[in-house]
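Have a look below at one chain only, the form predicted on its own, in structure tokens format.
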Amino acid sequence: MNHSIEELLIATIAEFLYGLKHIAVGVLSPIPGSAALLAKVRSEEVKKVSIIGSTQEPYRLDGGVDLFDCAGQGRVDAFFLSGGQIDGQANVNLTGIGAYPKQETRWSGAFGSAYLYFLVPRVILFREEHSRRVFVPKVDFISAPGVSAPNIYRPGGPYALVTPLCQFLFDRNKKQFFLKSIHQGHTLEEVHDNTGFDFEVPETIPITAAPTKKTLKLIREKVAPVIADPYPDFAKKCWPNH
């Protein structure tokens, strides 16, 4: 059964979420949100998915305050972060390009990302653009640090990075990404050419597993109607016939 790149990414991210109890999703996150919903449909261990922007009672969050309270109490197992820049130590820049405070370009800001990065045990980084503009040797500004000194209390942090080309895992001891798999149709050379930071590569590089027929059926019939609540345009684009 044919699948879209969005469905591949949804299925790929969902693999990191099985067995977790509470998955929270922030704003502007239709693909991570869909992955969280898929994990809940497929795993009885996933008890709760919270999506900022959803009006459906099982998934609704009362904004950032509700999310921050849950994270502070240790009641969020996974969250998602993105960034205008991400470097090899999983530092995230959500502030802007250039030397702070006189930056050439300013973005919307961090909105508590550093707080969540420190507290949520499994933070998955996600970007739909895989380029050297995004994945830089060193971010211009650290909005949320990927690593901390040994004496810093930090139960949370980066776990993986998923892009349209591949997926990485993050080794917190080595403070470095290592390549987990490359998506079908892409190559290691392409990943290197579009990544500004160094990463470890296994001797044999797996190809990311394509979503099965069963998984695609669940995405299209169970996930799509729910994610259409906060993201109607995304759902209409990806699943116009569902």
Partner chain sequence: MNSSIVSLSEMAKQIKNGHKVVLFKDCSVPMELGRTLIKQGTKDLHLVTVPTGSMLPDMLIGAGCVATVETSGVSLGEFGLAPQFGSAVKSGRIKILDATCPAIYAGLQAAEKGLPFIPLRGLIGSDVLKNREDFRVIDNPFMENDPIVVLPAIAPDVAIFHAGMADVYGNVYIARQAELKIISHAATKTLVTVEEIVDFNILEQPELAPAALSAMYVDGIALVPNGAWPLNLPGYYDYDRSSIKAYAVAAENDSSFKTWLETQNSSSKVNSH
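Each form is matched to the other, and the largest set of C-alpha atoms that superpose within 1.5 Å is called the rigid core. Please read these numbers as outputs of a predicted model, since none were measured by experiment. Positions refer to the first chain, counted from 1.
The form predicted together with its partner chain exists for this protein as well; it is not shown, and the discussion that follows is about that form.
| request: Spell out, yes or no, whether the shortest heavy atom distance between A160 and its partner chain in the predicted bound form is within 4.5 Å. | output: Flag for A160 set to no.
| field | F126 within 4.5 Å of its partner chain in the predicted bound form, heavy atoms | value | No, F126 sits far enough from its partner chain in the predicted bound form that none of its heavy atoms falls within 4.5 Å.
| task | Please run the contact check for D62 against its partner chain in the predicted bound form: heavy atoms, 4.5 angstroms, yes or no? | result | Yes.
| request: Report yes if any heavy atom of P145 sits within 4.5 Å of a heavy atom of its partner chain in the predicted bound form; otherwise report no. | output: Taking the distances in the predicted bound form, the answer for P145 is yes, it comes within 4.5 Å of its partner chain.
| request: Given that the partner is absent here, state which listed stretch (100 to 108, 163 to 171, 78 to 86, 128 to 136) has heavy atoms within 4.5 Å of its partner chain in the predicted bound form. | output: That would be stretch 100 to 108.
| Is it the case that K48, Y115 and L119 all touch its partner chain in the predicted bound form, with a non-hydrogen atom of each within 4.5 angstroms? | Yes, all three are in contact.
| request: Enumerate the residues of 63 to 92 that have a non-hydrogen atom within 4.5 Å of its partner chain in the predicted bound form, in sequence order, or give none. | output: Stretch hits, in order: G63, G64, V65, D66, F68, D69, C70, G72, Q73, R75.
| Cα of P30 displaced 2 Å or more between the shown form and the other one, core superposed? | The answer is no; the displacement is under 2 Å.
| task | Answer yes if the CA of P211 moves 2 Å or more between the shown form and the other one after aligning the rigid core, and no otherwise. | result | It does not, since the P211 C-alpha is displaced less than 2 Å between the shown form and the other one after the core fit.
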